[in-house]
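Have a look below at one chain only, the form predicted on its own, in structure tokens format.
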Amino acid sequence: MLKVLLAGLGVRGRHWARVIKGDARADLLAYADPDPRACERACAEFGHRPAFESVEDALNSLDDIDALVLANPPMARENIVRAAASRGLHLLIEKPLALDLDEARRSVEIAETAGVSLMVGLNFRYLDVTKALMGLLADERVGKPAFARFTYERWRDGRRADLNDYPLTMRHPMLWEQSIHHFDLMRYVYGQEPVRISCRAWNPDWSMYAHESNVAALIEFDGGMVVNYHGIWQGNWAVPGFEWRSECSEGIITQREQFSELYYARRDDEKLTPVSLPAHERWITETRALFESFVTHVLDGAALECSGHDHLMSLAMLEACIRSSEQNSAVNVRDIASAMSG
């Protein structure tokens, strides 16, 4: 059994509590959150367990923890990572690892020096639609991918009770909170690394966010892929829009909903062919698969997926977008990645 401390009991933390509690090979040992009401709610919802104000308090009181699932906001995590790693705890941390590239790099180094694993919670890799998309690319049903358009549009009401509210005041909330998923998916699905990004970030007059909530970027990859990315948190229609369309040598693959709706068509087909997908419970099914991967890694020695080290390249993409928008010029992603590693 993997004995787990869960820290952070907000919206995402409650998803984690449900997943950890339901895993046959894991034991949800304790909670940590500075809000006593959040701890009380977790005890009522997922079962009474020791609850602490901080990870450090939990570590000082408990002796038999194997792993920390960190679902708190991505600010000032480094000391938590250091404390947990010094106790030999394996780490599963919600994306993004940090809001600062140097802090993210240091956290990865802390884990590596301590000899513990650090996995980042990139749950969209574990969606059945993502697996099916990769299957279509692998069997070259419509040939090899050449370029793509990735469009994500929504009116994100950051005041809703079922959404985290800290993005309302953070810098570049769309990039750090949402685009990080999309950039990771591009790298993962196409199996290519970014080399050059041109970006424009902005905030419309009606935005409730303190900083730039919309992003448009042209992303070039080392295998030749070019992705036209459009990420919008403050569009002006409450009905969300999503399409990830990959243009391939003999046709297209298109995903029309972020959790489902996958199709393909050859060049002369009159209609799209739908791809059958299993039933899916949003935020739970893919998180369960991610956590199972973490457990299998720690207990059975399987390869570590979504490693902190791999995550640094996706963070470099975010930084490239920010610099490109500020400088009004294209940015070499490898220069940023090299500086982080060197």
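Numbers for residues come from their place in the sequence shown, where the first is 1. Being a predicted model, the structure only gives us computed values, none of them experimental.
Just so it is clear, the following notes concern the form predicted in complex with a small molecule, a form of the same protein that is not shown.
Student: Does any heavy atom of L5 come within 4.5 Å of a heavy atom of the small molecule in the predicted bound form?
Tutor: Close contact is absent here: in the predicted bound form, L5 is far from the small molecule, nothing within 4.5 Å, heavy atoms only.
Student: Is it the case that Y166, even though its partner is missing from this view, gets within 4.5 Å of the small molecule in the predicted bound form, heavy atoms only?
Tutor: Yes.
Student: Closest heavy atom of S107 to the small molecule in the predicted bound form, within 4.5 Å or not?
Tutor: Taking the distances in the predicted bound form, the answer for S107 is no, it never comes within 4.5 Å of the small molecule.
Student: Against the small molecule in the predicted bound form, would D35 count as a contact residue? Criterion: heavy atoms within 4.5 Å.
Tutor: The answer is yes: D35 has a heavy atom within 4.5 Å of the small molecule.
Student: Just to confirm, with a 4.5 Å cut-off on non-hydrogen atoms, which of G235, G251, G158, P73 contacts the small molecule in the predicted bound form?
Tutor: It is P73 that has a heavy atom within 4.5 Å of the partner.
Student: With the small molecule left out of view, choose which of A148, V142, I80, M174 has a non-hydrogen atom within 4.5 angstroms of it in the predicted bound form.
Tutor: Spelling it out, the residue with a heavy atom inside the cut-off is I80.
Student: Would you point out which of 208-216, 109-117, 193-201, 175-183 contains residues with a non-hydrogen atom within 4.5 Å of the small molecule in the predicted bound form?
Tutor: Of the options given, it is 175-183.
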